[in-house]
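Coming up is one lone chain in structure tokens, specifically the form predicted on its own.
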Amino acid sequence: MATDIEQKVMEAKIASIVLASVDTQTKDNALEAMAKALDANRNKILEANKADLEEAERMKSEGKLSQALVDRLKVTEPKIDGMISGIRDVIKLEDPSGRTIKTLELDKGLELYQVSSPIGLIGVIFESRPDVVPQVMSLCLKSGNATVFKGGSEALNSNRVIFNILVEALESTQGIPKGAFQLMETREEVMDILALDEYIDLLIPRGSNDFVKFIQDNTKISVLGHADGICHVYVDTDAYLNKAYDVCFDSKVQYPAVCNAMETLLINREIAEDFLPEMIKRYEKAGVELRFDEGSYAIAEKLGSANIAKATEDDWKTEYNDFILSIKLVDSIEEAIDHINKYGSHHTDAIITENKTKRKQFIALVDSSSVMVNASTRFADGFRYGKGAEVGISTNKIHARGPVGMEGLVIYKYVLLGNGDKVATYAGDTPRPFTHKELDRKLSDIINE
């Protein structure tokens, strides 16, 4: 006897087959209906979020919830604006499903098409951020994937209201199957979802390091994501210091509670005396707690900085998600790269330099999904990368990497068009040779003739 959870997942799996065949215009109509529905229900969303925030503040005071999760939970008018514009940006994007990637003639009249197709049923398990729901739902809808959502209990009211608004809008659009999007709400449902590898094709976790690691360690389902966001900025000897001040400040202070915020600042020892005093002043004014290695500590001590602390080995491995930053002096770009590759999480790392040779070296040798040159680590984001929104950021090296938009929600299938062809013709003592000639043909043109 299937449980209620399994029934919901099975319903979404069945609907995913139908959704995969829905045409682009129908999906775009549903997306526009979703955007309008969010706009029309702003007060309902803000009221639900207010209830969640009140409970979250109580839990924070009891030590049960971090400030970072409280920050991510908050929904404001500008955030609703962002949800709406994110959905409308997805409308503008090309439908990634059904594209002919490659066409190969095996022989005259025997043609092989490699065609992009939806993955199927996506499971999204996330903490705190209610804006994950419209982001991921819009991308999954446009790419033709059904989705099961499981949000954190701290955002229960916000997630439920936003989800219901969106689903009512899209399911009222003619041609969209019902049941393709499902919401799970209880803590126990997480383990049930992780066990449903028979139905769910891909899991996307969004949350803390421990949360993502837990998901990765407790399921057979493929997981797209990253556990850590330990990002670095390296200030080189050939850096323009004014650029460095701006980039280093933005990378940490603009929004520290996210995975693409800088956690360790690396500075070439040769320029540390010139660069670090002004940088320390800016950070201290913004309320950033600084943790120094021996060399940078000595400079901070000379400045008479208040509440200075020495970094430990654990600091190089820590994602703070807060106004905390570790600082280390290095003797060369090679030492900086070695430190990043040893302690980083292969997420996002930046160099500040005007030296083209060093720029090339950093880009080639830093093993991260995003590498920035003279730009903030905070740019590593699906919306900023022009993807409309993102389903998550992946440090994997298979299928999708970096900020993942719709390109990470499609795979491909092979379609062979023949005319009674037999393998026997191409085997035996006198086999007919294959031509294996690339053709400039699309499957959609053929099947729509």
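This one's a predicted model, so the numbers in the text were calculated from it and none came from an experiment. Note that residue numbering follows the sequence shown and begins at 1.
Below, we refer to the form predicted together with another copy of the chain, which is not included among the displayed structures.
Enquirer: Looking at 204 to 212, 361 to 369, 82 to 90, 309 to 317, which one sits within 4.5 Å of another copy of the chain in the model of the complex if you count heavy atoms only?
Expert: Of the options given, it is 361 to 369.
Enquirer: Taking 119, 376 and 419 together, does each of them reach another copy of the chain in the model of the complex with some heavy atom inside 4.5 Å?
Expert: Each of the three qualifies.
Enquirer: State the residue from 324, 286, 271, 110 whose non-hydrogen atoms include one within 4.5 Å of another copy of the chain in the model of the complex.
Expert: None of the other options qualify; the answer is 110.
Enquirer: Counting any non-hydrogen atom inside 4.5 Å, which residue from 106, 101, 241, 195 sits next to another copy of the chain in the model of the complex?
Expert: Of 106, 101, 241, 195, the residue with a heavy atom within 4.5 Å of another copy of the chain in the model of the complex is 106.
Enquirer: Within 4.5 Å, heavy atoms only: does residue 216 come near another copy of the chain in the model of the complex?
Expert: The answer is yes: residue 216 has a heavy atom within 4.5 Å of another copy of the chain.
Enquirer: Applying a 4.5 Å heavy atom distance criterion, does residue 386 contact another copy of the chain in the model of the complex?
Expert: Contact check for residue 386: yes, within 4.5 Å of another copy of the chain in the model of the complex.
Enquirer: Though only this chain appears here, would residue 254 touch another copy of the chain in the model of the complex if you measure heavy atom gaps against 4.5 Å?
Expert: Taking the distances in the model of the complex, the answer for residue 254 is yes, it comes within 4.5 Å of another copy of the chain.
Enquirer: Please run the contact check for residue 247 against another copy of the chain in the model of the complex: heavy atoms, 4.5 angstroms, yes or no?
Expert: Looking in the model of the complex, residue contacts with another copy of the chain include residue 247, since a heavy atom lies within 4.5 Å.
Enquirer: What residues, if any, in 259 to 296 have a non-hydrogen atom within 4.5 angstroms of another copy of the chain in the model of the complex?
Expert: Residues within 4.5 Å: none.
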